[in-house]
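To begin, one chain is listed below as structure tokens, in the form predicted alone.
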């Protein structure tokens, strides 16, 4: 029975850790399906985490913090769009510039505003998104297996976890069942044909990057006002790049991308439980090596998979209307 409880605990932690990856990866999905490389997911998550924690700290409202996080991420997405879509700049260079900016600016602002050495003040419980109790949770407690399934695996998560779960079928519907999704996929494959049909390539790519920025903003806000209790320096810890890797591993499709995020989150959940544990024959593994396990798995998977993944045909290529 203890093994079952431990197993459910790992699965529950996997769901919580996967939520920001799923949101960020879906944001990158919209951007890259339109033909724009979204290497700045990490920047948008960091900016959103800082803005959300700062706004929630000042106002005491997690909802205002969430809106501030989305606004910060969308602002960076618009900068990326202005450089890469309007002026046809190098998308990788623009994304890396935003990553460098977001790595340094939030800690500086946090130090100037809150005098906390690059962090924001710890948030009280009312300024964060709390864990939600599902209906009939008291009834489910009367049976152990139902309590584990309903209250600990499905329930007990904050609102943004359920938003991440709902975002996957919604993204799939938008991409494959709406006119906007058809045009978005077409502009990533053949923007000239879309332009010839009288549809603005620039407008579509701006819309895709704004959607991507909003989703990345929710992911960043999740880190600081739902999973965490404030902003700390580099708190995204490379999750933006993990989300990008999951997107590639999922071949730019929503459901496979979700499965890749769950895999990376499961490895992350496992590594937290392996720290300080003695493994037979091997002995104690250094904490640093265990902490790097999710990134090692990501590199190994991509090393054998990235060559098989076929991205949108014109991804990374700027489009300018022929004169």
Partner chain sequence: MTRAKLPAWVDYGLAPLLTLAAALGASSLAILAIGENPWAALSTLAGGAVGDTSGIGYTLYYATNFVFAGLAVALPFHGGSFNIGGEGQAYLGGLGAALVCLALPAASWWLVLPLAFIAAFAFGAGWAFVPAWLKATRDSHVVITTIMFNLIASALMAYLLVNVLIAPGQSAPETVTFAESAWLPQVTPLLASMGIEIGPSPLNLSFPVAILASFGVWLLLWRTRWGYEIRAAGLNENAAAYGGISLARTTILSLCLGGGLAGLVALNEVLGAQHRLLLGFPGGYGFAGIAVALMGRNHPVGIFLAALLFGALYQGGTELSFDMPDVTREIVVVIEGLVILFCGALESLFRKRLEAIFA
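Positions refer to the first chain, counted from 1. Computed from a prediction, not measured in an experiment: that's the story for all the values here.
Below, we turn to the form predicted together with the partner chain, even though it does not appear here.
J.: Sort through 79, 127, 148, 163 and report the residue having a heavy atom within 4.5 Å of the partner chain in the predicted bound form.
T.: By the 4.5 Å criterion, the partner-contacting residue is 79.
J.: With the partner chain left out of view, which of 167, 83, 211, 123 would have a heavy atom within 4.5 Å of it in the predicted bound form?
T.: The option sitting close enough to the partner is 83.
J.: Only one of 67-75, 148-156, 130-138, 230-238 has heavy atoms within 4.5 Å of the partner chain in the predicted bound form; I'd like to know which.
T.: Every other range fails; the passing one is 230-238.
J.: Can you work out whether the partner chain is within 4.5 angstroms of a heavy atom in all three of 15, 49 and 316 in the predicted bound form?
T.: So, no: the whole triplet misses the partner chain.
J.: Going by a heavy atom distance of 4.5 Å, is residue 111 a contact of the partner chain in the predicted bound form?
T.: Looking in the predicted bound form, residue contacts with the partner chain include residue 111, since a heavy atom lies within 4.5 Å.
J.: Indicate whether the partner chain has at least one heavy atom within 4.5 Å of a heavy atom of residue 96 in the predicted bound form.
T.: It does: once the partner chain is placed as it appears in the predicted bound form, residue 96 has a heavy atom within 4.5 Å of it.
J.: Closest heavy atom of residue 302 to the partner chain in the predicted bound form, within 4.5 Å or not?
T.: Yes, contact at 4.5 Å.
J.: How about residue 298 - does it come within 4.5 Å of the partner chain in the predicted bound form, if we only consider non-hydrogen atoms?
T.: Residue 298: yes, in contact with the partner chain in the predicted bound form.
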